[in-house]
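Only one chain is given next, in structure tokens, and it is the form predicted alone.
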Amino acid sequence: MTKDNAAISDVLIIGGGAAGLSAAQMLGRCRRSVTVVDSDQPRNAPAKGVHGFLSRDGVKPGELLAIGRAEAEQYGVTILRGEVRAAGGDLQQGFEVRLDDGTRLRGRRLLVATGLVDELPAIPGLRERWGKDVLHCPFCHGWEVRDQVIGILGNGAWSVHQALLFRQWSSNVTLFLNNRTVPSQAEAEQLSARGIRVVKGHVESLRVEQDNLRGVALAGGPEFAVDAVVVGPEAHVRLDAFFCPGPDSLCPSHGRGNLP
């Protein structure tokens, strides 16, 4: 496609992850012309494998997306590498997006499948271990850390629920409150009944040796040996290109978009 391509697709899909590719594949099968724009920044890129996906359990995230791209492309779907910097339009006149290299694409419909971005607490060692031995979902990762020593890093009310969930996979679970989580009386009783240890104090860092997580260190306090840490990140929708600054934005209230 040229930087001022005049062709118009039936559907522009922003985001080439599992959701965007699933939509592209079906729309292609419906004989619609489809263009997918993918920035190649999948949320699950750090994970060792995808689990709970029948017939693909354990497949690497990148391999799964490669399979999905090939399946969509066999139905005539066009997949472009790029990042959407601006978007605009409406149902009457169609939609247009501008990519980071200046390319402009047009579509009769616009499907936004940009996914989420995980924001982790600013604790040394946490981001580096994310998707390895710093985890968040018991259904995605619980089997891999079964019967290990698991630490739950307090990052809000959700952390209590995470601790109770991971207790199904291990009898050695510790909830580090991290000055961010305050269990209610009922929750404290649940934690106690399940044998989950609760530790007060701020988590200062994670100790990593030879590319393996070894412990959780409290500020001015002791260090606790762990094999894995669980944390619930704050998830933000990846919608920078569609941010609503006012009347010119692409949103239900304003309509046209932020294209210059």
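For every residue, the number given is its place in the sequence shown, counted from 1. Bear in mind that the values here come from a model prediction, so they are computed numbers and not experimental data.
There is another form of this protein, the form predicted in complex with a small molecule, and it is not shown here; the text below is about that form.
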(message) Using a 4.5 Å heavy atom cut-off, which of 165-173, 178-186, 150-158, 82-90 contacts the small molecule in the model of the complex?
(response) 82-90
(request) May I ask you to choose, among 198, 213, 47, 218, the residue with a heavy atom within 4.5 Å of the small molecule in the model of the complex? (result) 47
(message) So in the model of the complex, is the small molecule close enough to residue 113 to count as touching (4.5 Å, heavy atoms)?
(response) yes
(request) Give a yes/no on whether residue 205 approaches the small molecule to within 4.5 Å in the model of the complex, heavy atoms considered. (result) no
(message) When the contact criterion is heavy atoms within 4.5 Å, does residue 68 count as touching the small molecule in the model of the complex?
(response) no
(request) Mark residue 106 yes when one of its heavy atoms lies within 4.5 Å of a heavy atom of the small molecule in the model of the complex, and no otherwise. (result) no
